[in-house]
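One chain is shown next in structure tokens, namely the form predicted on its own.
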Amino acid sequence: MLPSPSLIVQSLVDGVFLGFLFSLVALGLSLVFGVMGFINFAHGDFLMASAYLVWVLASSLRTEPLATAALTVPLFFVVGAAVYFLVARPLLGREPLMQIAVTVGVGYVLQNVALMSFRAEPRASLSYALNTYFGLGPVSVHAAKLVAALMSFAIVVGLDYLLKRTWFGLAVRATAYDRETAMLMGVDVNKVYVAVFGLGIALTALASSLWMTFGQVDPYLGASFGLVSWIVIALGGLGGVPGILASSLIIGVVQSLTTNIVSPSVKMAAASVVFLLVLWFRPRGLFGKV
């Protein structure tokens, strides 16, 4: 039986909203990888940990999940800086396999701490202010998803401006292009690395506050977000913000269509198939230089 046109349109709209949120998460990972060359397979698990913190704060303080970002984002910036000194810095310039092994281990530690603390039961703290729907033609728009999409897009574009139009962005780009030359020009590369790693982890906290306005968290949430983030980066071909946005929207729409029309259990498989098909014809990604 063919799906109804209204279901397809609804899935497309939901997929676009989800894609913008994916872009926010992937941007933090892309910054760390692009500037430092560091492979962080625990990136998604930091989002999971921050989502649990959002749930705890929203439940205990009886506040909106989005409001908790005022606490979680600065806190996870500090956490990111600490992780840089304790985990990432000793591994810079080392073999990628060592970086992968260590960060996968960090991810497993975060997962198991979550399992011991909260078990495997999903937790949710839905937004009361944004838990409403309004009609837009044949589409029913969830206010929380719309706000999450708009905020994600605004932040991604704002960070793109920061990296391209400010002195801090110039230092970050110089460090990414040529670390030694940047040091000779007076750039404190170590401070740039701390800021970039802290910002990358802080973005997961912001994304988790947006996600928890309509989603839920379990110990394995980070695995799915982490895999999607790597797919988005590879699919975009390290093409900067345009590549991240385009590939995030593709993955978001594919996952939404698969979830609503086929089955939620195959959404990651569908995203992986699309990823492999694109790379078959574009080995360097959508925005990678041929």
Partner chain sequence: MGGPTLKASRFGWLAPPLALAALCGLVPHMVGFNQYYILVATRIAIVASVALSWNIIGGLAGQLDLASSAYLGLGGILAAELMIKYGVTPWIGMLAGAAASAGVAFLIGYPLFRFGIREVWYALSTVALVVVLHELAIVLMGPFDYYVPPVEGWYYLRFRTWENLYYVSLVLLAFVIVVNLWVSRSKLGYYLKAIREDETAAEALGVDVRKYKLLALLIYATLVGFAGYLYVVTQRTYSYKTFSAPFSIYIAVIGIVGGLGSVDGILLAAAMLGMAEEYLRATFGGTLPGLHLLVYGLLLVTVGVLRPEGLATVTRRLLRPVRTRFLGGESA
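Rigid core here is just the name for the largest C-alpha set that superposes within 1.5 Å across the two forms. Note that this is a predicted model, so its numbers are computed, not measured. Residue numbers count along the first chain shown, from 1.
Another form, the form predicted in complex with its partner chain, is not on view; read the next lines as being about it.
Contact with its partner chain in the predicted bound form, defined as a heavy atom within 4.5 Å, is made by none of V56, V194 and V196. Shown alone, this chain has one stretch from 149 to 157, 70 to 78, 110 to 118, 175 to 183 that lies within 4.5 Å of its partner chain in the predicted bound form by heavy atoms: 110 to 118. Within 4.5 Å of some heavy atom of its partner chain in the predicted bound form lies at least one heavy atom of F275. Its partner chain is not drawn, but in the predicted bound form it has a heavy atom within 4.5 Å of P90. Proximity of G169 to its partner chain in the predicted bound form falls outside the 4.5 Å heavy atom cutoff.
In the predicted bound form, none of the heavy atoms of L163 sits within 4.5 Å of a heavy atom of its partner chain. Exactly one listed residue, out of A82, I100, V187, A143, brings a non-hydrogen atom to within 4.5 Å of its partner chain in the predicted bound form: I100. Applying a 4.5 Å heavy atom cutoff to its partner chain in the predicted bound form picks out S265, V266, K267, M268, A269, S272, V273, F275, L276, L279, W280, P283 from 259 to 284, in order along the sequence. In the core-superposed comparison between this form and the one not shown, the C-alpha atom of L277 has shifted by at least 2 angstroms.
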